[in-house]
Structures are given as structure tokens and as C-alpha cells.
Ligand SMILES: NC(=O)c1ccc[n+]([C@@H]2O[C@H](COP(=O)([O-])OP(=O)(O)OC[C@H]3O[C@@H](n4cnc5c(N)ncnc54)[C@H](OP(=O)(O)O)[C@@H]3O)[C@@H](O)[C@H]2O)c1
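In the form predicted alone, a lone chain appears below as C-alpha cells.
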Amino acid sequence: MNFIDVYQRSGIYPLSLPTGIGMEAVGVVETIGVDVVNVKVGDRVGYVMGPPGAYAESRLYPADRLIKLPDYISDSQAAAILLKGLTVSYLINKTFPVKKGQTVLFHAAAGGVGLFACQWLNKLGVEVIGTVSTDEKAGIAKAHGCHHTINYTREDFTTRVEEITDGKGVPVVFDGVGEDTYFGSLKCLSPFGVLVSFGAASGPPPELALAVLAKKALYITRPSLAPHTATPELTEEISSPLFEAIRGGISISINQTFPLKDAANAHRALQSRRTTGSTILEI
């Protein structure tokens, strides 16, 4: 389960009806079309993006969008990490290739994307500042490699980032929150810094006058996973580093599991920010 599922269900991301929702799943190939050569019956595969409708016991799916899973990744792990892990992969390898010794700000550090990003960034030698909503989540984020946590319900994160960086700011902010953090994220950037706005958990970011960027020559980008998985070749470019990172010991936090029939309760938990790490729906 991912926040994009909420966007689809609520209409923030409009879908053509009739339709299902859900962009990520893991399963076993039961049958294939006559021209399919990249997978065979019995293969363990996963998918992300593509046609919505992952909330299903079985479905037809374009074969060229399937991702064959390595043996060292279980079904549950793959279901929990494909979309989130591929998101982190393109963020830190493509959108803003991070370098050892840099300090970055990652919002929602205790979420599914955040926990995986904290580990991966830490392993790369990057110092991570992460925002969280509770002290419990702060502890979880720190246990996963976040060096500095900021509880934004009690602290102004822009002030704390300034303190942590001795007034220098950070070269990049990875912001999946959106409206609530947008302008604060810009304040946290050092000159020539990049705001990577890749989500809108609190609502869409507000409109911005470009002149606001001029004082520090800042950049804003709005990447998404769809273009990075548009072809098998593009998917490979971000899935290979992801699988190697998992092989290298990065853990996958599955902190909530719901039966598929209780998907509504899972959505309520996610929207009320009562979840940490990844949530999976099981059949």
C-alpha cells in the first residue's frame, strides 16, 4: 500500500471508471500470452505503476512491465519495497545524485520511503536530517540511519536545520509531504540548492512565484516514478541499484499488515499518520 492509493481513491489523481486502485503488487505468473518471452509460468514477479488495479486476487498485466524478483528477496519484502525502493533509487541516483559527505533533509523520515532512504543514504556516507511527527517515530528513524530528527509538531524545522548546518543549509531537500513543508523546505536550502518535491501527503504544493528562487538561485523539480519505469531499460536502471542495496544489507520495515478485505482500515491508518515503514495487504 502506498499514498498514491489514497490519491486514487479520493480523486486527487482522477481515474477513468470503472477501475480498481493500487499500483504495486507481487505474485506468481499463472499464464502468459503467446508472444511473451521475458517471463514464464511460475516466475515470481512484481510490478509498479502501469495500469492501476493491484487490489485484486489475480489480474491481467502487461508482461513487459513485470520485474523478475531475485531469490534473496521474499514476496513480502518485495511487496513492501518495490514502489518505495524504486522511488528512493531514482531520487538519490537520478534526480539528485548524492555524494559522500553531503547533508540532506528528508521529510517524513519514519515513513516507508523515509526509512529506506535513511538507511541507503547513511550507507553512502550522507548525513541525514529527517522530520517526524512523534518522538516514537524519531526513535524509529534514528534506528534506521537518520542522524538528526526534528519533531515538527514541537519544533520549527527550518530553524533546526539552520542550527544543525551552522547556517549553511542543505544542498537538497527531498519532500514528499507537499503543502505543509513546501516553503519551509525552500528556506532550508543552501545557495544553488534543489527542492525535490516528489509527493503531496499533506496536499498539493501551493503556487510559487519564480522570483522567490532568485535570491539563492534555487531549483525545484517534480519527479515521479512513472517516467523512470516507462520502459524495461529505464526500470532496470533503478531496480538494479535497489536490489544491490537490499543484497548489501539494507532492511525492509514491514510494520503493518492488513488482509486485502480490510483495505479501508489500512487507508485510514495511513492517512491519520498512524503507520511507520511499509504496509502490505495480503490475500
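All values derive from a computational prediction rather than experimental measurement. Start at 1 and count along the sequence shown; that's the residue number.
Here the subject shifts to the form predicted together with the ligand, a form of this protein not shown in this document.
For the options Ile238, Leu225, Ile250, Leu66, the residue carrying a heavy atom within 4.5 angstroms of the ligand in the predicted complex is Leu225. Remark: of stretches 216-224, 29-37, 66-74, 241-249, the one touching the ligand in the predicted complex is 216-224 (heavy atom within 4.5 Å). Although the partner is absent here, Asn93 sits far enough away that none of its heavy atoms falls within 4.5 Å of the ligand in the predicted complex.
Under a 4.5 angstroms non-hydrogen atom cutoff, the ligand in the predicted complex lacks Ala266 among its neighbouring residues. Contact annotation: Val126 falls outside 4.5 Å of the ligand in the predicted complex, judged by heavy atom distances. When the ligand is considered in the predicted complex, Gln8 lies well away from it, no heavy atom lying within 4.5 Å. Residues from 84-112 that approach the ligand in the predicted complex with a non-hydrogen atom closer than or equal to 4.5 Å are Lys84, Thr87, Tyr90, Ala108, Gly111, Gly112, in the order they occur in the chain.
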